[in-house]
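Only one chain is included here, represented as structure tokens and corresponding to the form predicted alone.
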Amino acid sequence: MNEAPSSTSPHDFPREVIRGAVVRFAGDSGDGMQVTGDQFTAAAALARNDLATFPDFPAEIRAPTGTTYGVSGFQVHFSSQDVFTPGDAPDVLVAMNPAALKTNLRDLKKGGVLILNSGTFNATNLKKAGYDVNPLEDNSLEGYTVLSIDITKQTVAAVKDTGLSNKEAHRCKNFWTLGLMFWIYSRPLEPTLQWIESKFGKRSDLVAANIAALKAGHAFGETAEVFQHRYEVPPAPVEKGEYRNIGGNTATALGLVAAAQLAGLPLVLGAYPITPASDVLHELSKYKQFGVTTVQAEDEIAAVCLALGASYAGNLGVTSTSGPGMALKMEGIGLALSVELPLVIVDIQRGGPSTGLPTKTEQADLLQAVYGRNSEGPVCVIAASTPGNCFTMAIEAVRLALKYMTPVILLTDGYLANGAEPWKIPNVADLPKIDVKFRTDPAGFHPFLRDPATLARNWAIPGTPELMHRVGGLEKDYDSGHISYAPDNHERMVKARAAKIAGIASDIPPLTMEVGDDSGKLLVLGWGSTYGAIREAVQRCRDRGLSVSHAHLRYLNPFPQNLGEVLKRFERVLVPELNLGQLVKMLRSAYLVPAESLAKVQGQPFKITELEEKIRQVLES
């Protein structure tokens, strides 16, 4: 943090130029924290800061107001330099009630700024949050810079002339808070004013009230003598191009639409609503003009079978779900690999087992994805590493599914799905076409004729003249496609399906280092959403002179061809995962290397400091 020449407001508040900050908004699930976080994020993006976000939702749809069960949070890390994570600990915590303070204070940096809505710290709310004594009065908040403001009272006063009921007036306090934060970080009000007019345009009283609250919060910063200065975060250096903020679910949906266009196929999504995957269904439903059909099926089994039927008819069949839904879809996925049709399954992982932690993140579906079918049922499994990377990996899932006539499972998770980052919008003309070949020649046809290079069977659309055929779950004869119970034939078909998936390894990029040297004392190998935290931790450790490198897997079945060679070039291998060591099991089995696990299953992503500490421990030992 360094001081810059001051630029002053009408009240002569100096602006301190800082590299970046981490801000967390927390409040009751009805306090509008997600909207507040989204608008603050948009302001950071318009200021051309690099950023990453972490929305944190309660699982209960209607948790009792004021309880810790209903706390909703939104953290954003914005900076003038590259950002890879939403940040370990907030510099600023905005707590709208005692429950939000109770559940979030442990994460706030010592000496950090704590903005509290004192108007909610009454006896009832304190009891609901589990406080015996008001923390505003017992000196328990020493060590923080505490700004205790009756935001509720300030908001009601600001909107009193708009005619809103008392209940509706209280709902405007998130915009009052946002206005204050815009003042602190020198953000303009205009983009949010336009958003309010667009969002609430059908009710002029809500437009007037929210605008009044936003401006009042900003004016409070100008007039109240509780701040020493304002902050300014300069733009981050970025590659030229057009950017937008994008979340993982939106990126996944756009990637699927782009892939269907690149392949020249209609896209059919069969899905059943499930957290945190439902937004893929919602997003894809907006693209009917691009030949996208979305069907909300009656259950997960119907959803996968619907998508498979669409593939049988010559469409791009896709289904999306989370862990519990994957368990229900497995028989349908087994049918897809048996009939060898292209199918993309998007699994947005969450905490489990069973219902588990619906709104929290985890990486514990890996073994289910790779091994979770009856008999010998190999499928291709890939994983996205950042919200923006979900777009790229969705296209890759479609490419592989169509080229190899196989189901492909794309793994993301709740952290990627709900998080956001700046994303450079690609030029559609630069995206590679996806070749699709339908069988039309009847000469010598049977449905399981294979391409010698890929072992993919030919794709004949039902209704093509003289290419009538049927598919089903019973084993087929390798040479005719008819049902066969012959022992030797079954083994031949099982091995052919396995060889087809193994052959994909020759069609994917080799593993390369994200950070560090190609050999050394320690390799930190990650997959999925651990990318940002690992990259930052490894870079910090290298800056201290430690011999450590970072590689990241995006292809999990099959592995990249050079993975074994890479592992052997390091003395030790550490694998951080949001599970109990599932990738470690696979690595030890495939390569007989003593890979070490760093496991975390708390429903929360890794912190950079957790990884730094483990890296140092491993190297010191």
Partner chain sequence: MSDLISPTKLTKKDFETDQDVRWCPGCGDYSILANVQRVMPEFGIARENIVWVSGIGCSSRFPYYMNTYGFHTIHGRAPAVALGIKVANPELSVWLATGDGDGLSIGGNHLMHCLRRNLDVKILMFNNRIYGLTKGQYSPTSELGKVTKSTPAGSVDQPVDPASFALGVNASFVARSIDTEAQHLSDVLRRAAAHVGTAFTEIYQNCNVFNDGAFDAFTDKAVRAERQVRVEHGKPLLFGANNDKGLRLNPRTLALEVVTVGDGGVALSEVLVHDETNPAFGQLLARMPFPEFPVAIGVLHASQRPTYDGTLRAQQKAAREKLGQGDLAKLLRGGSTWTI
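Remember, it's a predicted structure, so these values are computed and weren't measured experimentally. Numbering follows the first chain given and starts at 1.
Same protein, other form: the form predicted in complex with the partner chain, not shown, and the subject of what follows.
- The contact residue chosen from 74, 391, 78, 527 relative to the partner chain in the predicted complex is 391, the criterion being a non-hydrogen atom within 4.5 angstroms.
- A heavy atom within 4.5 Å of the partner chain in the predicted complex is found for exactly one of 226, 483, 123, 499: 483.
- Only one listed stretch (467 to 475, 145 to 153, 514 to 522, 319 to 327) carries heavy atoms within 4.5 Å of the partner chain in the predicted complex, and that stretch is 467 to 475.
- When the partner chain is considered in the predicted complex, residue 531 lies well away from it, no heavy atom lying within 4.5 Å.
- In the predicted complex, the partner chain sits within 4.5 Å of a heavy atom of residue 309.
- By the criterion of a heavy atom within 4.5 Å, residue 245 is counted among the residues contacting the partner chain in the predicted complex.
- At a distance threshold of 4.5 angstroms between non-hydrogen atoms, residue 238 is in contact with the partner chain in the predicted complex.
- Residues are counted as partner-facing when one of their heavy atoms sits within 4.5 Å of the partner chain in the predicted complex; in 292 to 311 these are 292, 293, 295, 296, 297, 298, 299, 301, 302, 305, 306, 308, 309, 310, in sequence order.
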